[in-house]
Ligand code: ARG
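Next comes just one chain, in structure tokens: the form predicted alone.
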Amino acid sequence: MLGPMKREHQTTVGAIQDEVLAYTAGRDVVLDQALIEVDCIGSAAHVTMLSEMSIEPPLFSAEDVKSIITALGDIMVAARKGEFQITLADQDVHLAVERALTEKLGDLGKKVHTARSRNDQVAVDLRLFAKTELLDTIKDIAALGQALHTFAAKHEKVPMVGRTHMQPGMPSSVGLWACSYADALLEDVALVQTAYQLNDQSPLGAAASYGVPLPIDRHRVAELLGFEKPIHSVLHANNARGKLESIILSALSQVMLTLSRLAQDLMLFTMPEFGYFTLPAEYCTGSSIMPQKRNPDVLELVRSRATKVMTASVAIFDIVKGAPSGYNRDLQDAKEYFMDGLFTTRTSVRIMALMVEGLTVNEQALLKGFSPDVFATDRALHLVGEGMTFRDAYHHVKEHLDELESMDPQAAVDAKTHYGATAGLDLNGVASAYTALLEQTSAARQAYHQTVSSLLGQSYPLTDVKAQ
């Protein structure tokens, strides 16, 4: 059993019993390593805004701001090198950065936290973190969509049995199958873009949820950080935390849902009993006892990790749903779910792109999958075209299945010329949509980098520290 721990640890915000400190810090000491850079960017914007406030004497001089931003740049570079560590005494990234600034700049470092709380600080950190992570994720989704488009275009009219209830249904094509997933991802990414837009608002200046009695300029901070605007209500700025993360993960859950179904299809269609496709050997794993095995472990894990992302979204939802307005410490535990959900989605999307790029089509196996009954609906509709009512044609075909023996899979694929069918796919439109998506994402990333570069007075991302 754990005995009582009466020792106290001195921290930036006072003496805390060791056991309480360890429990309340939780995983932040580890997770916040990913937030060091954005915390420094947020602090640079905050200090810049404070220096521009109309008060006498000014809170910071121009030279003070330069010194602070230079020190923040040092921290950012050290973090990229793995040389800046958050300690348990720090509790989190915010106090770790403040400690480092105070150690280097003395009283000047102690002034940096003026007019803000760790509540709005972590909120802005997570939004800046999400901004770049979502842009990267959208780029990766576009890469997977393009891989599916390339696969669809290469095998556009290769016949493939279309299934309902997992049973043979109607003639289809490899192109239609692959294009369906490219289309699905375009819809999924629209949800991710909506989440990105909701995320693109600055909470800084909300402080502990109720603002501050100083003439801060929240619009200026939002501009300095490249956000579209500040969140209006300072109370909502902090209440939105958790809910926003759940919204983002909910959008990413739709991406993972598409990936999971694609993974399931690939596992089915690469079984020896089907043999429609062959998975790239380098993305399959072996068995510890069966030398011949090439297992689709990647695809199985994609299915499982779709559940992880969805569960993370629901977990954050559940953390927030009973919380009263204003900050509550429960929100701290949402951070791990959020970060893990982002990471899991992005890695899953990237591995599936590699899987699709290495996929081999086995045309003979696909053709062998066609039994005469697959053409029953096509035959009935052909009879309708000759003047028979559909229901009469339906029963005629059902009673004369022997008439289907001579049906040709390729002819069936070529016959469906309407929009979105096997011979009517708008593959150029799909390609254009993904090209536009990549261009938008690249432009947004470039704009953010330019904004941060202007704030820091040097090219961002930082590689080393230059004089201000």
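Bear in mind that the values here come from a model prediction, so they are computed numbers and not experimental data. Each residue number is its position in the shown sequence, starting from 1.
This protein has a second form, the form predicted together with the named molecule, left out of what is shown; the following refers to that one.
At a distance of at most 4.5 angstroms from the named molecule in the model of the complex, none of the three residues 140, 343 and 445 contributes a non-hydrogen atom. Checking 295, 347, 150, 332 against the named molecule in the model of the complex, a heavy atom within 4.5 Å turns up for just one residue: 332. Checked against the named molecule in the model of the complex, the residues 94, 218, 116, 305 give one hit for a heavy atom within 4.5 Å, which is 94. Taking the partner from the other structure, the named molecule in the model of the complex has no heavy atom within 4.5 Å of any heavy atom of residue 337. Though the partner is left out of this view, residue 355 does not reach within 4.5 Å of the named molecule in the model of the complex, counting heavy atoms only. Within 4.5 Å of some heavy atom of the named molecule in the model of the complex lies at least one heavy atom of residue 327. Although the partner is absent here, residue 155 is not a contact residue: none of its heavy atoms lies within 4.5 angstroms of the named molecule in the model of the complex. Residues with any non-hydrogen atom within 4.5 angstroms of the named molecule in the model of the complex fall in just one of 73-81, 274-282, 165-173, 118-126: 118-126. Contacts to the named molecule in the model of the complex (heavy atom within 4.5 Å) from stretch 239-264: 241 only.
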